Every structure is written in C-alpha cells, then in structure tokens.
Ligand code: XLS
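A single chain, nothing else alongside it, follows as structure tokens in the form predicted alone.
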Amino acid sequence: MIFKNLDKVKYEGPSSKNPLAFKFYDADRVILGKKMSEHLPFALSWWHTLGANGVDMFGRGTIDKNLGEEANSMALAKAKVDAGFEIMNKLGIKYFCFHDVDLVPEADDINVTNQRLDEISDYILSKMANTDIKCLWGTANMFSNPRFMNGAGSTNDADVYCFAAAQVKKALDITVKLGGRGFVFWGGREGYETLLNTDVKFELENIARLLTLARDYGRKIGFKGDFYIEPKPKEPMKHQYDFDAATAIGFLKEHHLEKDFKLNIEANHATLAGHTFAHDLRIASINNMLGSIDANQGDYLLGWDTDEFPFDVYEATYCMLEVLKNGGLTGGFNFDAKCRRPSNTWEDVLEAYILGMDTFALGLIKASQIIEDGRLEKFIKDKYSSFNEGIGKKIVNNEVSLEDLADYACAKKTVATPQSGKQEHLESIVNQILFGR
C-alpha cells in the first residue's frame, strides 16, 4: 500500500484545513435532482497518475513511480494496478482510463505485447471484482513509438498503418473485456510539418478508413459505447488534422461517422486552439456530439500542453454550465493531468486529485446556482426575442425570400440600434453568484 495510514478521503466541508479531505466534493449531495457523484463521474488517468515521473525536455524524472519493482517489468505493471485501485478506493473514484502501453511495457514483438495485455487485463478484472470501479474508456498509444513518426492513420507506410490497426484492434478487445463505456482516438501525430512532403487529402481519407474499420470491428465484437475523437491543435505536429471541436465534427460528418463518434473535449487542448474550454464544449453539444471530458487546464503563459490539475473555478463553472445544459455526458471526467515537476511525492498525487475533484464540484455547485438564478438564461432568451414574431418569426420558419427581406428593409428605411449585449453586467452576475453567497 502507498497510503497505509489513510482509510478514505472524506468530505469535511469548506472550512476544513485537512489537506487530505474534500472541501466541496460531497458525493451524495443532491444538485438539480442528481447526486454529485452522478453529475461528476470522475476517472483516473493511468498514464499520468501511475506513469508520469516528472521528466521534461530539460531533465530526468523527479518522482519514483517504480513502486519497488524493476522498470519495464510485468511485476511493475501489476504493482501499478494495485496502486491505481488503492488511489481510486481512497478517493471514491469509480472509473479509470488507459492507453494500451500504459498497462504493460511494449515489447519489440507486437505478439508479446498482446500476450502481456491479456495477462494484465485478467489481473485488472480480478481487482474490479467485488468493487464498483469500472473502465471509462481505452485507447491505443499511436504516437510514442518511433514507427509513428509520420503518423498512424496518416502514415506514409502501409506496414505502419497495419501496426496501427493491430494496436487499435487489441485496445478495443481489452476495452470491451474491461467493460469500457467508450473508446478514444487521440491523433497524437495525425498531422504534418510541411506541405512540401504531404498529400493532405490522401492522409485524411486514410485516417477515415482506419476509424471506419475500427467502428465496424468494435460493433462486431459487441462494443456498444461511443467512439470518441479528442481534438488537439499543433503539438506535437505543427498542423494537427483534429485541430478543434468544429474541425473534428466536420471531418466526422464528411466521412459519415457522426452516428458512432462523439468528442472527448480536453480543456488544455481547447485553449491551445485559441478557444475557451466552454467554447469547444458548446460546439460539441449543439452538434449532439459532446461525449466525455479530459478535466485539466493549461498555463496561458506557455504554448504547450501542460496538463495541470484544474483549479480555475471560473473555467470549471462555465464547463459545468455546458454539461448541465447538455443533460450530462455519456462518458465522464478523466483527470488527464499530472503534478508539477517539483510536486514529487505520492501524497502530492492524492492532493492533486482532491484539488481537481473539489474544483469541479465547486463548478457544479455554482453552475447549478446560475441556472436556478435564471438571469443569464432570461437575458439570452430576450436578446433574440425579435425572432419570435413578425418578420423575425417568418425568417426562422423559412417563410421569406431574399427579396422579401430586402423589401422589408427598404420599407423600414432605417434600423434602430440593436439591444445592448450587456457583457459587463452579465459578468457581474457571475461574480455575485460565485462569491456573494
């Protein structure tokens, strides 16, 4: 055990000074008719939580996550399973997410890797027995191995494409075996550096072929969940094909995949694309494609994916407004986040999860208060009220031609000043609800 002297992290309320207690996440608290735990199906990220050791491009790792076992061994893989389930049990987290090579060390022979995945998934199933812990989603890491230097679905090499397909197949097998609710495609290197050596049309079509084949295979083996695309701009490729929510949705619709695919939106990816987190959530939601969320945040002063544990309550509140308006998620909230490099103990990991869970719990509380307050929703409704009657209603009902609209404008001769957007007033209401109660 990692935390021998800790039973479970408990809710102690906002006034608690205990670093290993929840201040806002109260699993059984009912908000808008549902328990907080139902609104917030949190998931542990296998890669960051059990693997990331603080290494960066300038230095070696700062935290030892070998758990007393030999690096890159199956003994370590099983020790990570034990540690992961201990952390989930301590925190009351009900889900986990994984890449294939998070679970086991990748061998030179893909057949050996697959045997290891069979072994570790059997072990995970044994740990899941008699618990309420489930798999949220699985995915295949098709970006770390050098063979994917030119992409996976977008590769220029047919053999590499086949190896990508083999990884997806096995990752789907394991996801179904573990009862996963979803399967994610994160196109880590699905993009390009320069048009001088790239056939963009061919690469996009090949990516679509791989997704279609994966969809068909998944349904064949009984996978009933959603497939997810996780949009991300630039890093690591300068031009990523899945740049943002709108781009990914357009791609999926073009290739007739929208009935089986939704989006897994990551906060840090949205901001790297020049959007707010809430923007990409809204774009996914209005297209009925908001599926799951990678709950993290980025550093606005840095231009790469920092994967910080979320602490921004404004961002969490705006996120939860979108989730509540969407009617919830088919997926959940995966903490695709890692401790900062100097936070180099297992206790720091636990405190980071407490921070993230509390942040989204507070965001949920405040978002529900904004909805119950009603002023923002009323303002938006009133803002477009001119389309509820007269010429506006005819426009919405598609009862007019362009000539009709032009004749109407000419008869009016001039137009009154549109209603004020009152942005500052609305921001003041948000502040009042966040800090005035």
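Since the model is a prediction, treat every value here as computed from it, not as a measurement. All residue numbers refer to positions in the sequence shown, first residue = 1.
From this point on, the text means the form predicted in complex with this ligand, which you will not see here.
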What I'd like checked is whether K23, E315 and K366 together line this ligand in the predicted bound form, meaning each has a non-hydrogen atom within 4.5 Å of it. no
What is the one choice in W137, Y353, F277, F261 with a heavy atom within 4.5 Å of this ligand in the predicted bound form? W137
Using a 4.5 Å cut on heavy atoms, which of F243, Y95, F143, F251 is close to this ligand in the predicted bound form? F143
Whether E230 contacts this ligand in the predicted bound form should be assessed with a 4.5 Å heavy atom distance threshold; does it? yes
Is W47 close enough to touch this ligand in the predicted bound form, meaning at least one heavy atom pair within 4.5 Å? yes
With a 4.5 Å heavy atom cut-off, would you call D305 a contact of this ligand in the predicted bound form? yes
Does R181 reach this ligand in the predicted bound form, with heavy atoms at most 4.5 Å apart? no
Report the stretch among 263-271, 74-82, 243-251, 154-162 that approaches this ligand in the predicted bound form to within 4.5 Å, counting heavy atoms only. 263-271
Quick one: name the residues from 309-348 with any non-hydrogen atom within 4.5 angstroms of this ligand in the predicted bound form. D336
